[in-house]
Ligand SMILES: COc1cc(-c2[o+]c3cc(O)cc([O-])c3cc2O[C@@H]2O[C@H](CO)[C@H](O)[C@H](O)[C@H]2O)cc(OC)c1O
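Next up: just one chain, as C-alpha coordinates, the form predicted on its own.
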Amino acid sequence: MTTPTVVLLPVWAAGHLMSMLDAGKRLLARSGGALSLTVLVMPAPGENHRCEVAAHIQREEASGLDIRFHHLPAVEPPTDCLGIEEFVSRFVQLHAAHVKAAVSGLACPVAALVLDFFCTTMLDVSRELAVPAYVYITADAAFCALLLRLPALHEEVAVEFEEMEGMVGVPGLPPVPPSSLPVPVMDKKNPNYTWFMYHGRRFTEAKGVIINTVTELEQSVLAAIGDGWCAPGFPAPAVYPVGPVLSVTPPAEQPHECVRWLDAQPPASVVLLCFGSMGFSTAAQAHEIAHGLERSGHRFLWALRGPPAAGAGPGQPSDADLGELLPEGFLERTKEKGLVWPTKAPQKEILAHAAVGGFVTHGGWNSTLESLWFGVPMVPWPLYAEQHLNAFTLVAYMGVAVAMEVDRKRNNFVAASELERAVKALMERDSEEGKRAREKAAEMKAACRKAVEEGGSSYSALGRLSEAIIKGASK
(Lines give C-alpha, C1' and ligand atoms only; values in the text may rest on other atoms or scores of the structure.)
Protein backbone atom coordinates (compact mmCIF):
# COMPACT_ATOMS: atom_id res chain seq x y z
CA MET A 1 0.00 0.00 0.00
CA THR A 2 2.74 2.50 -0.90
CA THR A 3 0.77 4.12 -3.75
CA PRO A 4 -0.03 7.67 -2.55
CA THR A 5 -3.74 8.14 -2.00
CA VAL A 6 -6.11 11.03 -2.65
CA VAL A 7 -8.63 11.28 0.18
CA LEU A 8 -12.13 12.42 -0.86
CA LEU A 9 -14.55 13.90 1.66
CA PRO A 10 -17.97 14.13 -0.03
CA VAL A 11 -21.30 15.01 1.56
CA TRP A 12 -24.00 12.34 1.34
CA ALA A 13 -26.54 13.94 -1.06
CA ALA A 14 -26.55 11.95 -4.33
CA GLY A 15 -25.73 14.98 -6.50
CA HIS A 16 -22.63 15.67 -4.39
CA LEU A 17 -21.47 12.12 -3.60
CA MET A 18 -21.78 10.66 -7.12
CA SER A 19 -20.23 13.71 -8.76
CA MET A 20 -17.18 13.64 -6.48
CA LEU A 21 -16.77 9.86 -6.86
CA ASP A 22 -16.92 10.12 -10.66
CA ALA A 23 -14.39 12.98 -10.61
CA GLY A 24 -12.15 10.87 -8.34
CA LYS A 25 -12.36 7.91 -10.73
CA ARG A 26 -11.33 10.14 -13.64
CA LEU A 27 -8.38 11.42 -11.63
CA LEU A 28 -7.43 7.82 -10.84
CA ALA A 29 -7.48 6.90 -14.53
CA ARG A 30 -5.58 10.05 -15.52
CA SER A 31 -2.81 9.38 -12.97
CA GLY A 32 -1.95 6.13 -14.75
CA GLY A 33 -1.73 4.11 -11.54
CA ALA A 34 0.36 6.71 -9.66
CA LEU A 35 -2.52 7.44 -7.24
CA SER A 36 -5.20 5.52 -5.36
CA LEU A 37 -8.48 6.80 -3.87
CA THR A 38 -9.72 6.72 -0.29
CA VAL A 39 -13.25 7.94 0.38
CA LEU A 40 -14.21 9.06 3.88
CA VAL A 41 -17.89 8.30 4.41
CA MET A 42 -19.83 10.39 6.92
CA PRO A 43 -22.90 8.47 8.14
CA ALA A 44 -25.76 10.32 6.44
CA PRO A 45 -28.46 11.81 8.65
CA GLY A 46 -31.74 10.09 7.75
CA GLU A 47 -32.48 6.48 6.83
CA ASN A 48 -33.26 7.20 3.16
CA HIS A 49 -29.91 8.86 2.54
CA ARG A 50 -28.06 6.09 4.42
CA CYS A 51 -29.63 3.41 2.18
CA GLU A 52 -28.80 5.40 -0.98
CA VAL A 53 -25.18 5.92 0.09
CA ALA A 54 -24.80 2.22 0.99
CA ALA A 55 -26.10 1.21 -2.47
CA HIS A 56 -23.67 3.60 -4.24
CA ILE A 57 -20.73 2.29 -2.21
CA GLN A 58 -21.67 -1.33 -2.90
CA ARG A 59 -21.62 -0.61 -6.66
CA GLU A 60 -18.25 1.14 -6.46
CA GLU A 61 -16.67 -1.61 -4.35
CA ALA A 62 -17.71 -4.14 -6.98
CA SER A 63 -16.04 -2.10 -9.76
CA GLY A 64 -12.53 -3.45 -9.05
CA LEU A 65 -10.98 0.05 -9.08
CA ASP A 66 -8.36 1.10 -6.52
CA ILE A 67 -10.91 2.80 -4.22
CA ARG A 68 -11.17 2.20 -0.48
CA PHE A 69 -14.10 3.38 1.63
CA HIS A 70 -13.45 4.40 5.22
CA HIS A 71 -16.60 4.82 7.33
CA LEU A 72 -16.33 7.59 9.92
CA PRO A 73 -17.93 7.19 13.38
CA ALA A 74 -21.42 8.66 13.76
CA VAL A 75 -21.88 12.06 15.40
CA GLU A 76 -24.98 13.59 16.92
CA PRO A 77 -26.47 15.94 14.27
CA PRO A 78 -27.27 19.52 15.30
CA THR A 79 -30.98 20.08 15.97
CA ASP A 80 -31.24 23.88 16.06
CA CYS A 81 -30.43 24.77 12.42
CA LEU A 82 -32.41 27.28 10.36
CA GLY A 83 -31.74 25.67 6.99
CA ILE A 84 -29.99 22.98 5.00
CA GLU A 85 -26.79 24.98 4.35
CA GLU A 86 -26.27 25.61 8.07
CA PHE A 87 -27.14 22.00 8.92
CA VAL A 88 -24.73 20.44 6.42
CA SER A 89 -21.88 22.83 7.31
CA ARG A 90 -22.22 22.29 11.06
CA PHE A 91 -22.78 18.54 10.73
CA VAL A 92 -19.58 18.25 8.66
CA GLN A 93 -17.66 20.40 11.18
CA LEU A 94 -18.52 17.91 13.96
CA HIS A 95 -16.50 15.24 12.09
CA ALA A 96 -13.18 17.15 12.27
CA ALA A 97 -11.52 14.90 14.89
CA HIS A 98 -12.70 11.75 13.06
CA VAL A 99 -11.42 13.04 9.70
CA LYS A 100 -8.05 13.91 11.26
CA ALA A 101 -7.76 10.47 12.87
CA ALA A 102 -8.76 8.70 9.65
CA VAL A 103 -6.31 10.62 7.45
CA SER A 104 -3.39 10.38 9.87
CA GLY A 105 -4.10 6.67 10.42
CA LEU A 106 -3.80 5.67 6.73
CA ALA A 107 -1.00 3.22 5.97
CA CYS A 108 -0.04 4.89 2.67
CA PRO A 109 1.19 8.44 1.97
CA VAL A 110 -1.64 10.96 1.57
CA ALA A 111 -1.15 13.03 -1.60
CA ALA A 112 -4.14 15.36 -1.20
CA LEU A 113 -7.44 15.91 0.54
CA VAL A 114 -10.37 16.80 -1.78
CA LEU A 115 -13.26 18.45 0.07
CA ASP A 116 -16.84 19.06 -1.00
CA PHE A 117 -17.44 22.83 -0.95
CA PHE A 118 -19.59 22.38 2.19
CA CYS A 119 -16.54 20.91 3.98
CA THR A 120 -14.17 23.91 4.08
CA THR A 121 -13.96 23.67 7.90
CA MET A 122 -11.71 20.66 7.16
CA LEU A 123 -9.06 22.98 5.69
CA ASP A 124 -7.94 23.30 9.33
CA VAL A 125 -7.38 19.53 9.44
CA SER A 126 -5.41 19.59 6.17
CA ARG A 127 -3.21 22.38 7.54
CA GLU A 128 -2.57 20.53 10.82
CA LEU A 129 -1.59 17.40 8.88
CA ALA A 130 0.36 19.36 6.23
CA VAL A 131 -1.68 17.73 3.45
CA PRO A 132 -2.52 19.81 0.33
CA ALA A 133 -6.29 20.42 0.12
CA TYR A 134 -8.51 21.04 -2.90
CA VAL A 135 -12.16 22.11 -2.89
CA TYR A 136 -14.54 20.29 -5.25
CA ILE A 137 -17.39 22.46 -6.56
CA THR A 138 -20.38 20.36 -7.64
CA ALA A 139 -22.03 23.53 -9.03
CA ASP A 140 -20.87 25.78 -11.89
CA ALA A 141 -18.04 28.32 -12.00
CA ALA A 142 -20.56 31.18 -11.69
CA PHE A 143 -21.53 29.86 -8.23
CA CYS A 144 -17.86 29.56 -7.24
CA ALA A 145 -17.22 33.14 -8.43
CA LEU A 146 -20.21 34.46 -6.45
CA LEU A 147 -19.09 32.73 -3.23
CA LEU A 148 -15.54 34.07 -3.64
CA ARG A 149 -17.02 37.54 -4.20
CA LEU A 150 -19.61 37.35 -1.37
CA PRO A 151 -17.50 38.54 1.61
CA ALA A 152 -16.62 41.76 -0.29
CA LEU A 153 -20.19 42.13 -1.59
CA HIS A 154 -21.39 41.91 2.01
CA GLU A 155 -19.29 44.98 2.87
CA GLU A 156 -20.35 46.89 -0.27
CA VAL A 157 -24.11 46.34 0.01
CA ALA A 158 -25.43 47.47 3.42
CA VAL A 159 -29.08 46.46 2.78
CA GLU A 160 -30.57 43.09 1.82
CA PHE A 161 -29.70 42.32 -1.81
CA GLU A 162 -33.35 42.47 -2.92
CA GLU A 163 -33.52 46.06 -1.56
CA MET A 164 -30.39 47.27 -3.35
CA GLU A 165 -30.52 49.51 -6.39
CA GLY A 166 -28.93 48.27 -9.58
CA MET A 167 -27.30 44.94 -10.32
CA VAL A 168 -24.83 42.67 -8.55
CA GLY A 169 -21.36 42.55 -10.10
CA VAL A 170 -19.81 39.08 -10.32
CA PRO A 171 -16.54 39.06 -12.32
CA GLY A 172 -16.88 37.26 -15.65
CA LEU A 173 -20.71 37.35 -15.66
CA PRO A 174 -23.15 39.88 -17.10
CA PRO A 175 -24.64 42.11 -14.33
CA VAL A 176 -26.76 39.83 -12.11
CA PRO A 177 -30.25 40.95 -11.00
CA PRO A 178 -30.54 40.60 -7.19
CA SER A 179 -33.64 38.43 -7.82
CA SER A 180 -31.36 35.84 -9.45
CA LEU A 181 -29.14 35.30 -6.41
CA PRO A 182 -29.18 31.91 -4.66
CA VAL A 183 -31.79 31.29 -1.95
CA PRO A 184 -29.30 31.25 0.99
CA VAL A 185 -28.02 34.71 0.01
CA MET A 186 -31.42 36.41 0.19
CA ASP A 187 -31.44 36.88 3.98
CA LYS A 188 -28.26 38.30 5.50
CA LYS A 189 -29.45 37.64 9.06
CA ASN A 190 -29.80 33.90 8.38
CA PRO A 191 -26.95 31.52 9.36
CA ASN A 192 -27.21 29.95 5.88
CA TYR A 193 -25.95 33.26 4.47
CA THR A 194 -23.13 33.43 7.05
CA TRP A 195 -22.03 29.91 6.11
CA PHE A 196 -22.01 30.71 2.38
CA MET A 197 -19.80 33.71 3.12
CA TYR A 198 -17.54 31.55 5.29
CA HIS A 199 -17.09 28.88 2.59
CA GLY A 200 -16.41 31.53 -0.07
CA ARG A 201 -13.65 33.11 1.99
CA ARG A 202 -12.04 29.74 2.71
CA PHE A 203 -11.92 28.73 -0.98
CA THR A 204 -8.94 31.12 -1.20
CA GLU A 205 -6.97 28.93 1.26
CA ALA A 206 -7.23 25.80 -0.88
CA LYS A 207 -4.43 24.63 -3.15
CA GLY A 208 -7.00 24.65 -5.96
CA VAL A 209 -10.69 24.50 -6.84
CA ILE A 210 -11.87 21.60 -8.97
CA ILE A 211 -15.08 22.63 -10.76
CA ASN A 212 -17.57 20.37 -12.53
CA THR A 213 -17.76 22.62 -15.57
CA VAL A 214 -16.27 22.99 -19.03
CA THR A 215 -13.89 25.81 -20.00
CA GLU A 216 -15.87 26.51 -23.18
CA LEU A 217 -19.13 26.93 -21.18
CA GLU A 218 -17.81 29.52 -18.71
CA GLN A 219 -14.57 30.88 -20.13
CA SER A 220 -14.76 34.45 -18.77
CA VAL A 221 -15.88 33.36 -15.28
CA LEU A 222 -13.10 30.77 -14.99
CA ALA A 223 -10.58 33.38 -16.11
CA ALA A 224 -11.90 35.84 -13.47
CA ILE A 225 -11.52 33.22 -10.70
CA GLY A 226 -8.03 32.18 -11.84
CA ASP A 227 -6.84 35.78 -12.22
CA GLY A 228 -7.98 36.70 -8.70
CA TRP A 229 -10.73 39.18 -9.71
CA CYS A 230 -13.38 37.57 -7.49
CA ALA A 231 -11.56 38.03 -4.17
CA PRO A 232 -8.97 40.80 -4.63
CA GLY A 233 -6.34 40.85 -1.88
CA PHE A 234 -6.59 37.10 -1.32
CA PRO A 235 -4.62 34.34 -3.07
CA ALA A 236 -6.37 33.14 -6.25
CA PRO A 237 -6.73 29.35 -6.11
CA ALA A 238 -5.59 27.29 -9.10
CA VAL A 239 -8.68 26.36 -11.14
CA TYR A 240 -9.32 22.92 -12.63
CA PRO A 241 -12.48 22.73 -14.81
CA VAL A 242 -12.85 18.94 -15.22
CA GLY A 243 -16.50 18.58 -16.35
CA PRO A 244 -18.92 17.51 -17.40
CA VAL A 245 -18.52 14.88 -14.66
CA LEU A 246 -21.41 12.59 -15.57
CA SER A 247 -21.87 8.90 -15.35
CA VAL A 248 -23.54 7.93 -18.64
CA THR A 249 -24.35 4.23 -18.62
CA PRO A 250 -25.29 2.18 -21.69
CA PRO A 251 -29.08 1.86 -22.21
CA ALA A 252 -30.83 -0.92 -20.32
CA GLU A 253 -31.68 -4.09 -22.24
CA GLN A 254 -35.31 -3.65 -21.20
CA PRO A 255 -36.16 -0.04 -22.09
CA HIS A 256 -38.02 1.91 -19.40
CA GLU A 257 -41.73 2.55 -20.01
CA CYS A 258 -41.02 6.28 -20.54
CA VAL A 259 -38.42 5.43 -23.19
CA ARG A 260 -40.82 3.06 -24.95
CA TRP A 261 -43.42 5.84 -25.03
CA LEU A 262 -40.84 8.22 -26.53
CA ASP A 263 -40.05 5.67 -29.27
CA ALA A 264 -43.51 6.37 -30.73
CA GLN A 265 -43.03 10.18 -30.85
CA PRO A 266 -41.59 12.29 -33.72
CA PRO A 267 -38.01 13.62 -33.41
CA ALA A 268 -37.50 16.66 -31.11
CA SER A 269 -41.26 16.96 -30.52
CA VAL A 270 -41.51 16.25 -26.77
CA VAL A 271 -40.83 18.64 -23.89
CA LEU A 272 -39.63 16.90 -20.71
CA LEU A 273 -40.66 18.32 -17.31
CA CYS A 274 -38.58 16.94 -14.44
CA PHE A 275 -37.54 18.70 -11.21
CA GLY A 276 -34.77 16.71 -9.59
CA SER A 277 -34.71 14.39 -6.59
CA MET A 278 -36.21 17.03 -4.27
CA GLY A 279 -38.73 18.76 -6.57
CA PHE A 280 -42.47 18.23 -6.21
CA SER A 281 -45.76 19.98 -7.04
CA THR A 282 -48.71 20.95 -4.88
CA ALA A 283 -52.17 20.41 -6.40
CA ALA A 284 -52.48 24.17 -7.12
CA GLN A 285 -49.17 24.22 -9.01
CA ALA A 286 -49.84 20.92 -10.80
CA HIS A 287 -53.14 22.35 -12.09
CA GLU A 288 -51.30 25.36 -13.55
CA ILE A 289 -48.73 23.10 -15.22
CA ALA A 290 -51.47 20.87 -16.64
CA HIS A 291 -53.43 23.82 -18.08
CA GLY A 292 -50.23 25.38 -19.49
CA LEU A 293 -49.15 22.15 -21.18
CA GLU A 294 -52.59 21.43 -22.59
CA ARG A 295 -52.91 24.95 -24.03
CA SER A 296 -49.39 24.86 -25.49
CA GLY A 297 -50.46 22.02 -27.77
CA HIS A 298 -47.01 20.38 -27.53
CA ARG A 299 -46.19 16.79 -26.70
CA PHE A 300 -44.88 16.34 -23.15
CA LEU A 301 -43.40 13.82 -20.73
CA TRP A 302 -44.01 15.10 -17.19
CA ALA A 303 -42.33 13.44 -14.18
CA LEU A 304 -44.76 14.56 -11.49
CA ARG A 305 -43.94 14.04 -7.80
CA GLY A 306 -46.20 14.85 -4.84
CA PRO A 307 -45.34 16.62 -1.58
CA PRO A 308 -43.32 14.62 1.02
CA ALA A 309 -45.44 12.16 3.01
CA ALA A 310 -46.05 12.88 6.70
CA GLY A 311 -42.87 12.17 8.65
CA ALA A 312 -40.64 12.10 5.55
CA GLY A 313 -37.77 14.59 5.27
CA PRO A 314 -38.22 17.87 3.33
CA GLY A 315 -36.16 16.58 0.40
CA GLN A 316 -38.16 13.40 -0.13
CA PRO A 317 -41.12 13.84 -2.50
CA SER A 318 -43.76 11.13 -2.64
CA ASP A 319 -45.03 9.30 -5.71
CA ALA A 320 -47.81 11.40 -7.20
CA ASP A 321 -51.47 10.60 -6.67
CA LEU A 322 -52.62 11.70 -10.14
CA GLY A 323 -56.28 11.75 -9.12
CA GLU A 324 -55.52 14.29 -6.38
CA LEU A 325 -52.98 16.43 -8.24
CA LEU A 326 -54.37 16.75 -11.78
CA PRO A 327 -57.46 18.56 -13.14
CA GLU A 328 -60.40 16.34 -13.96
CA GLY A 329 -60.28 14.90 -17.49
CA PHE A 330 -56.71 16.13 -18.15
CA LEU A 331 -55.18 12.67 -18.69
CA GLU A 332 -58.01 11.66 -21.01
CA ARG A 333 -57.81 14.86 -23.07
CA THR A 334 -54.00 14.67 -23.48
CA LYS A 335 -53.48 10.91 -23.81
CA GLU A 336 -52.46 11.19 -27.49
CA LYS A 337 -49.85 13.85 -26.73
CA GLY A 338 -48.58 13.39 -23.22
CA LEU A 339 -47.39 11.01 -20.55
CA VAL A 340 -47.50 11.86 -16.83
CA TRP A 341 -45.05 9.68 -14.92
CA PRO A 342 -45.86 9.64 -11.16
CA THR A 343 -42.53 8.48 -9.71
CA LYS A 344 -38.78 8.84 -10.37
CA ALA A 345 -38.00 8.94 -14.08
CA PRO A 346 -34.76 7.85 -15.82
CA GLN A 347 -33.81 11.43 -16.72
CA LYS A 348 -30.56 10.70 -18.58
CA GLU A 349 -32.16 8.02 -20.77
CA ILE A 350 -35.02 10.39 -21.57
CA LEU A 351 -32.72 13.34 -22.43
CA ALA A 352 -30.68 11.02 -24.67
CA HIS A 353 -33.80 10.16 -26.73
CA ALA A 354 -34.16 11.74 -30.16
CA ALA A 355 -37.85 12.55 -29.49
CA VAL A 356 -36.97 15.04 -26.72
CA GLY A 357 -36.63 18.61 -27.98
CA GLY A 358 -36.74 20.65 -24.76
CA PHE A 359 -36.44 20.38 -20.99
CA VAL A 360 -38.34 22.31 -18.28
CA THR A 361 -35.93 21.78 -15.37
CA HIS A 362 -35.29 22.97 -11.81
CA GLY A 363 -31.85 23.84 -13.13
CA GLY A 364 -29.78 21.82 -10.66
CA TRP A 365 -26.25 21.75 -12.07
CA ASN A 366 -26.10 17.96 -12.62
CA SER A 367 -29.38 18.06 -14.57
CA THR A 368 -28.10 21.06 -16.54
CA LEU A 369 -24.93 19.22 -17.54
CA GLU A 370 -26.98 16.17 -18.58
CA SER A 371 -29.14 18.41 -20.77
CA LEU A 372 -26.09 20.03 -22.39
CA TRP A 373 -24.37 16.66 -22.89
CA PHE A 374 -27.35 15.61 -25.02
CA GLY A 375 -27.78 19.05 -26.62
CA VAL A 376 -31.28 19.69 -25.22
CA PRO A 377 -32.24 23.39 -24.72
CA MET A 378 -33.97 24.32 -21.47
CA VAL A 379 -36.59 26.38 -19.68
CA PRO A 380 -35.25 26.82 -16.12
CA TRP A 381 -37.72 26.74 -13.23
CA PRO A 382 -35.47 27.30 -10.18
CA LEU A 383 -36.68 25.98 -6.83
CA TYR A 384 -33.90 26.10 -4.20
CA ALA A 385 -30.13 26.38 -3.48
CA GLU A 386 -28.20 28.14 -6.28
CA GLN A 387 -30.77 27.36 -8.99
CA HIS A 388 -31.94 30.97 -9.49
CA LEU A 389 -28.36 31.90 -10.37
CA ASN A 390 -28.12 28.88 -12.69
CA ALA A 391 -31.33 30.00 -14.44
CA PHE A 392 -29.82 33.44 -15.03
CA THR A 393 -26.52 32.09 -16.38
CA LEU A 394 -28.26 29.56 -18.68
CA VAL A 395 -30.35 32.32 -20.27
CA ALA A 396 -28.23 35.50 -20.11
CA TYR A 397 -24.69 34.10 -20.19
CA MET A 398 -24.69 30.72 -21.97
CA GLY A 399 -27.76 31.32 -24.14
CA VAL A 400 -28.89 27.67 -23.97
CA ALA A 401 -32.28 28.38 -22.38
CA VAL A 402 -35.50 30.36 -22.72
CA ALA A 403 -36.46 32.45 -19.66
CA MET A 404 -39.64 31.86 -17.67
CA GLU A 405 -41.06 34.13 -14.99
CA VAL A 406 -41.00 32.44 -11.59
CA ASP A 407 -42.61 34.17 -8.58
CA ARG A 408 -40.02 33.75 -5.80
CA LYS A 409 -42.32 35.39 -3.24
CA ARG A 410 -44.97 32.72 -3.89
CA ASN A 411 -42.70 29.73 -3.43
CA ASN A 412 -41.47 29.84 -7.07
CA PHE A 413 -45.01 29.71 -8.46
CA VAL A 414 -45.48 29.71 -12.24
CA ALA A 415 -48.83 30.58 -13.83
CA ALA A 416 -50.30 28.39 -16.59
CA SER A 417 -50.10 31.24 -19.13
CA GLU A 418 -46.38 31.76 -18.42
CA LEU A 419 -45.55 28.05 -18.75
CA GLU A 420 -47.57 27.92 -21.99
CA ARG A 421 -45.63 30.91 -23.38
CA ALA A 422 -42.22 29.48 -22.38
CA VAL A 423 -42.95 25.99 -23.79
CA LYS A 424 -44.10 27.51 -27.11
CA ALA A 425 -41.03 29.78 -27.23
CA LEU A 426 -38.76 26.80 -26.62
CA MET A 427 -40.41 24.22 -28.86
CA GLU A 428 -41.82 26.06 -31.88
CA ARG A 429 -39.68 26.01 -34.99
CA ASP A 430 -40.41 29.63 -35.94
CA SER A 431 -39.56 30.97 -32.46
CA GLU A 432 -36.39 33.10 -32.57
CA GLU A 433 -35.76 32.48 -28.85
CA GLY A 434 -36.10 28.74 -29.27
CA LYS A 435 -33.91 28.70 -32.39
CA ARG A 436 -31.10 30.54 -30.55
CA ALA A 437 -31.30 28.20 -27.54
CA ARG A 438 -31.31 25.11 -29.80
CA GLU A 439 -28.28 26.29 -31.75
CA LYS A 440 -26.38 27.18 -28.59
CA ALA A 441 -27.29 23.86 -26.91
CA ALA A 442 -26.01 21.97 -29.98
CA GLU A 443 -22.77 23.99 -29.80
CA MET A 444 -22.37 23.21 -26.08
CA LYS A 445 -23.06 19.51 -26.68
CA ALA A 446 -20.10 19.41 -29.07
CA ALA A 447 -17.94 21.41 -26.62
CA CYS A 448 -18.80 19.13 -23.66
CA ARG A 449 -17.96 15.97 -25.58
CA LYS A 450 -14.75 17.37 -27.02
CA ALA A 451 -13.64 18.62 -23.57
CA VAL A 452 -13.41 15.13 -22.05
CA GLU A 453 -11.66 13.52 -25.03
CA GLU A 454 -7.89 13.22 -25.21
CA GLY A 455 -6.47 16.71 -25.76
CA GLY A 456 -9.75 18.41 -24.73
CA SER A 457 -9.88 21.21 -22.15
CA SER A 458 -11.20 19.08 -19.24
CA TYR A 459 -8.86 16.20 -20.11
CA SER A 460 -5.94 18.64 -19.96
CA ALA A 461 -7.16 20.21 -16.68
CA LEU A 462 -7.37 16.73 -15.14
CA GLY A 463 -3.82 16.09 -16.35
CA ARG A 464 -2.60 19.31 -14.66
CA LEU A 465 -4.44 18.37 -11.45
CA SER A 466 -2.99 14.86 -11.47
CA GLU A 467 0.56 16.25 -11.98
CA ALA A 468 0.12 18.82 -9.20
CA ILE A 469 -1.09 16.14 -6.76
CA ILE A 470 1.67 13.64 -7.66
CA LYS A 471 4.28 16.39 -7.40
CA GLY A 472 2.91 17.46 -4.01
CA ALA A 473 3.02 13.82 -2.78
CA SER A 474 6.68 13.40 -3.70
CA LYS A 475 7.84 16.38 -1.59
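Heads up: residue numbers just count along the shown sequence, starting at 1. From a predicted model like this one, the values you see are computed outputs, not experimental measurements.
Not on display, but discussed next: the form predicted in complex with the named molecule.
At a distance of at most 4.5 angstroms from the named molecule in the model of the complex, all three residues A139, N366 and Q387 contribute at least one non-hydrogen atom. Residues within 4.5 angstroms of the named molecule in the model of the complex, judged by any non-hydrogen atom, belong to 275 to 283 and to none of the other stretches in 253 to 261, 93 to 101, 122 to 130, 275 to 283. For the candidate set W381, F118, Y240, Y134, a heavy atom within 4.5 Å of the named molecule in the model of the complex is found for exactly one residue, namely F118. Checking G200, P184, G292, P244 for any heavy atom within 4.5 Å of the named molecule in the model of the complex turns up a single hit: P184. When the named molecule is considered in the model of the complex, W12 lines it closely, a heavy atom lying within 4.5 Å. Looking at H56, you'd find every heavy atom of it more than 4.5 angstroms from the named molecule in the model of the complex. Contact annotation for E218: none of its heavy atoms lies within 4.5 Å of the named molecule in the model of the complex.
At a distance threshold of 4.5 angstroms between non-hydrogen atoms, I84 is in contact with the named molecule in the model of the complex.
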